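In structure tokens, one chain follows: the form predicted on its own.
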């Protein structure tokens, strides 16, 4: 659970769940985030203006004219999360085309890992991924945990444009670019599935923290014919 609660500036609380990045710690972050969000919506906690979860931290911003640090800290410390946890997590299947047109970094990755393209893909697809958080660009999921045999740092020089739908890997994570964007992840394919629907204001993100993702490979023909 929470290891430490401290001030972050004048009007925010920093909840530290530990230094590790793993599913158990991140699930604790998500449980607190969901429960506090529900309490704010029900107006059972007043003064919270924003909640920002990450892999192992939760930042809670508040309005000093409504509540102060000590009062909010006490509320958080007294929450009974176990009674209120809601497990509505999804398991989502994402198709990926790894044709050379979409897998922009296979030549470099093969040289780096001393693996063939097929071997890299075997390691990538033989996993069920956990969504730790979304961010950087709207709805972009950070999905762990990559097989250790295909973990790699970001590009030394980020691309100016990464195509929408690109599937990338970096360190222990995989991700999906929800919009065309600059980026430094290593691109191994592209999905035709829409992961962020900006016109759906109530529920725009397909993948949310706590969800599980299974990637499966499709051909270029299936990619072009895909109807989401």
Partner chain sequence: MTNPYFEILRPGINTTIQDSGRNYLYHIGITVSGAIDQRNYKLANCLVNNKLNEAIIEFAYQGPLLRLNNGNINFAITGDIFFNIIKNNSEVVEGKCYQNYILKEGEQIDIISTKKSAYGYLAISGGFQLKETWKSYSINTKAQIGPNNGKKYSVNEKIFIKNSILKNSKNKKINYKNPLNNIIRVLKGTNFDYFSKEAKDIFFNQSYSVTRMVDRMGMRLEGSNLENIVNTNIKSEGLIRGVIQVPADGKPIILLSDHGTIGGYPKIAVVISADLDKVAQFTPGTTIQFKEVNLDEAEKLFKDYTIETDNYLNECS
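The shown structure was predicted, so the numbers you read here are calculated from the model rather than taken from an experiment. Numbering follows the first chain given and starts at 1. Between two forms, the rigid core is defined as the largest C-alpha subset superposing within 1.5 Å.
Just so it is clear, the following notes concern the form predicted together with its partner chain, a form of the same protein that is not shown.
Engineer: Between its partner chain and 102, 121 and 223, in the predicted bound form, does every residue show a non-hydrogen atom at 4.5 Å or closer?
Structural biologist: Checking in the predicted bound form: none of 102, 121 and 223 is within 4.5 Å of its partner chain.
Engineer: Exactly one stretch in 74 to 82, 134 to 142, 106 to 114, 93 to 101 has heavy atoms within 4.5 Å of its partner chain in the predicted bound form; which is it?
Structural biologist: Residues of 134 to 142 come within 4.5 Å of the partner.
Engineer: Residue-level question: is residue 165 within 4.5 Å of its partner chain in the predicted bound form, judged on heavy atoms?
Structural biologist: No, residue 165 is distant from the partner.
Engineer: So, in the predicted bound form, is residue 33 in contact with its partner chain at a 4.5 angstroms heavy atom limit?
Structural biologist: Output for residue 33 is yes: heavy atoms within 4.5 Å of its partner chain.
Engineer: Indicate whether its partner chain has at least one heavy atom within 4.5 Å of a heavy atom of residue 38 in the predicted bound form.
Structural biologist: No.
Engineer: Report yes if any heavy atom of residue 198 sits within 4.5 Å of a heavy atom of its partner chain in the predicted bound form; otherwise report no.
Structural biologist: Residue-level check for residue 198: yes, a contact with its partner chain.
Engineer: Sequence order please: the residues of 1 to 16 with a heavy atom within 4.5 Å of its partner chain in the predicted bound form.
Structural biologist: Counting only heavy atoms within 4.5 Å of its partner chain in the predicted bound form, the contacting residues of 1 to 16 are 6, 7, 8, 9, 10, 11, 12, 14.
Engineer: Would you say whether residue 42 is displaced between this form and the one not shown, judging by a C-alpha shift of 2 Å or more on the superposed rigid core?
Structural biologist: The answer is no; the displacement is under 2 Å.
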